[in-house]
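Just the one chain here, the form predicted alone, laid out as structure tokens.
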């Protein structure tokens, strides 16, 4: 049973890792992306439509580009029009959800669900590993391994490259970074495209990697859990991925508990309850640190 839970945890963690890394990159540039869930929803729909043509690679590219453009447009509203990032992010989620519902009704006559023939699913990689390692690590899709490969790559780019240094400088102070010749608006807009692209891949994983169909609730609020993950990770890719894995484990646990006599409506809230609990613990820890510093200075 433990191996089954861990296997499911990796499945549930994949979209969280992708979306949370995108949010981390965007936050490093100075913008908190609240629109991750809407971008995931857009990527999931685009991926399913393109995958019905029989090519999962084209579906991934289309999902990344469409959601990336949505992230770029969101950043434009913030950088060029000085709109509030929280309002723009929430508005984007609502706008995409409404547009998706309208498109499904107009194009397919469907009210919230979409099944298409000949959908090309993401290929799975079987690893020749013995015992429990094989049971946990083998059989995952190619996007799962791409997601985890992006964790050290993101850490390296942010800390070891000129691009990462410039991105973090723009996130620290737009005025100071502009004074030394950087372009904070362009950096934030580019980071918005990357955040959207990774969120689009997260949505594509859900539609053509896990279930093979689309429905309006396919993200299940995972974009907001991804937001919490990069917030807990404090702009550190490995810590962010660890938080995403923790949420993935609780998501896998709640799925297993549903078939063992527990009320499904209550068990489904487990990952979200854990988000609230972790937020509370982080808030208490920050308060204690602040009180300790105040006492030492006093």
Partner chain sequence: MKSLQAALTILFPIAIVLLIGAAALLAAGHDPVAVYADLMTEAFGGTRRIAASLSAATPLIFTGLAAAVAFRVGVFTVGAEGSLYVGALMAAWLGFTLTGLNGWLLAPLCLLAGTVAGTLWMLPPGLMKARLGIDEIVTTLMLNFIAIGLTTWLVNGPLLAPGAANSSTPQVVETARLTRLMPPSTLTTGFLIALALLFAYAFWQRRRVGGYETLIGGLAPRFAGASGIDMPGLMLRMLLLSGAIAGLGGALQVLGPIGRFVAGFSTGYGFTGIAVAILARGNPFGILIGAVLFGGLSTAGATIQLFSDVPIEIVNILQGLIMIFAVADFGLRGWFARRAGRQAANGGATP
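Numbering follows the first chain given and starts at 1. All figures in this text were calculated on a predicted structure; none of them were measured in a lab.
Just so it is clear, the following notes concern the form predicted together with its partner chain, a form of the same protein that is not shown.
- Stretch 220-228 is the answer when you ask which of 128-136, 205-213, 220-228, 188-196 has residues with heavy atoms within 4.5 Å of its partner chain in the model of the complex.
- Its partner chain in the model of the complex comes within 4.5 Å of no heavy atom belonging to residue 246.
- Its partner chain in the model of the complex comes within 4.5 Å of no heavy atom belonging to residue 201.
- Using a 4.5 angstroms threshold between heavy atoms, residue 147 stays clear of its partner chain in the model of the complex.
- Contact annotation for residue 88: at least one heavy atom lies within 4.5 Å of its partner chain in the model of the complex.
- Heavy atoms of no residue among 113, 239 and 252 are located within 4.5 Å of its partner chain in the model of the complex.
- Contacts between 67-86 and its partner chain, taken as any heavy atom within 4.5 Å in the model of the complex, involve 81, 82, 83, 84, 86.
- The pair residue 275 and residue 251 separates in the model of the complex: their C-alpha atoms are at least 3 Å more distant from each other than in the form depicted.
- The Cα-Cα distance between residue 281 and residue 11 is lengthened by 3 Å or more in the model of the complex relative to the form shown here.
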